[in-house]
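Just one chain is shown here, as structure tokens, and it is the form predicted on its own.
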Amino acid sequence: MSTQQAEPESQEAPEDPEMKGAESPQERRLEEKDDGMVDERAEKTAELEGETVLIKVFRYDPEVADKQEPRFDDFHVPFTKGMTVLDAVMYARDEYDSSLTFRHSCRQAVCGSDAFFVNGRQRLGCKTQISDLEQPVRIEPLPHQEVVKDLVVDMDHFYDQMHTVEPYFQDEDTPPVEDLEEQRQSPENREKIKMSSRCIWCGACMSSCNIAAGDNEYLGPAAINKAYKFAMDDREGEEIKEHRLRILEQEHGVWRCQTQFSCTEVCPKDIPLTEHIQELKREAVKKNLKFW
């Protein structure tokens, strides 16, 4: 079964930051973190101390008769300072219902396994503070992906799309082993691609993309960003770069992007995904590649 739909997003593209001098989404988010958010969080934390937080968690299990119909279960979780969404669902599982199922691993916002749909937005459970959210906190699996059980979605298609772009370094002329030497990257080139290398494969961007929701063959922002990382790496050479661009300029590649910025808005690592897609479009045009 497919889970619920994301909240409707505006079809109107934001103004081009370069043209209008506006801040990019990730710049706005970073400024918010530095501009009073710490004080606001401390105030909300003080308000919640000693209180319980109501979380409404999506439940579904095709193998259990009374859980085959999707529903939400309510859990009242004692609030503790610094509590995250992942902390809350772990408490609910440990104290109330051991059958509550979800993925998590590192709890440091680097493994990407605990991406949920929280209060109508794709977020990492371990990174999202309960004190930053309106209550009750509604926790659902990522939209537009098949639900396996409770908050767990099938990621196979996402991984397939990531592997389609050949996400590994390729050298045009690999010398014999005895002649191998370190391939150094210039600081300028490293600076250009460093944000693209921050992807943690959480799938939040893919889940937020309306185009990916309607076109199952669309590569999607995560895979295109992964391709950007290698296509812009000067060490791979022009022939490999052209090979990557041929993958990206296919019918369901970069030209499907409608510049809605939803992927950039939800990326937990602040990667400028939309900008990377637009740059690859420009590269494809410069190479005189066909497009639809």
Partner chain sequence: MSQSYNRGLIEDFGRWKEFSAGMWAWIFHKFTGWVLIGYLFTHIAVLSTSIGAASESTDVIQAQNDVYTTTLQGLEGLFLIRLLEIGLLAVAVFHILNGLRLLMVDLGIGLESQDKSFYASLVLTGAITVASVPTFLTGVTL
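Numbering follows the first chain given and starts at 1. Worth saying up front: this structure is predicted, and the values here are computed from it rather than measured.
Just so it is clear, the following notes concern the form predicted together with the partner chain, a form of the same protein that is not shown.
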Even though the partner chain is not shown here, does R107 get within 4.5 Å of it in the predicted bound form, heavy atoms only? no
With a 4.5 Å heavy atom cut-off, would you call Q258 a contact of the partner chain in the predicted bound form? yes
Is P141 close to the partner chain in the predicted bound form, meaning a heavy atom pair under 4.5 Å apart or at it? yes
Mark D74 yes when one of its heavy atoms lies within 4.5 Å of a heavy atom of the partner chain in the predicted bound form, and no otherwise. no
Can you pick the one in V137, V148, L100, C111 that has a heavy atom within 4.5 Å of the partner chain in the predicted bound form? V148
The stretch from 44-52, 227-235, 245-253, 58-66 that lies within 4.5 Å of the partner chain in the predicted bound form, judged by heavy atoms, is 58-66
In the predicted bound form, do D160, S197 and D270 all put a heavy atom within 4.5 Å of the partner chain? no
Which of the residues spanning 214-244 lie within 4.5 Å of the partner chain in the predicted bound form, based on heavy atoms? none
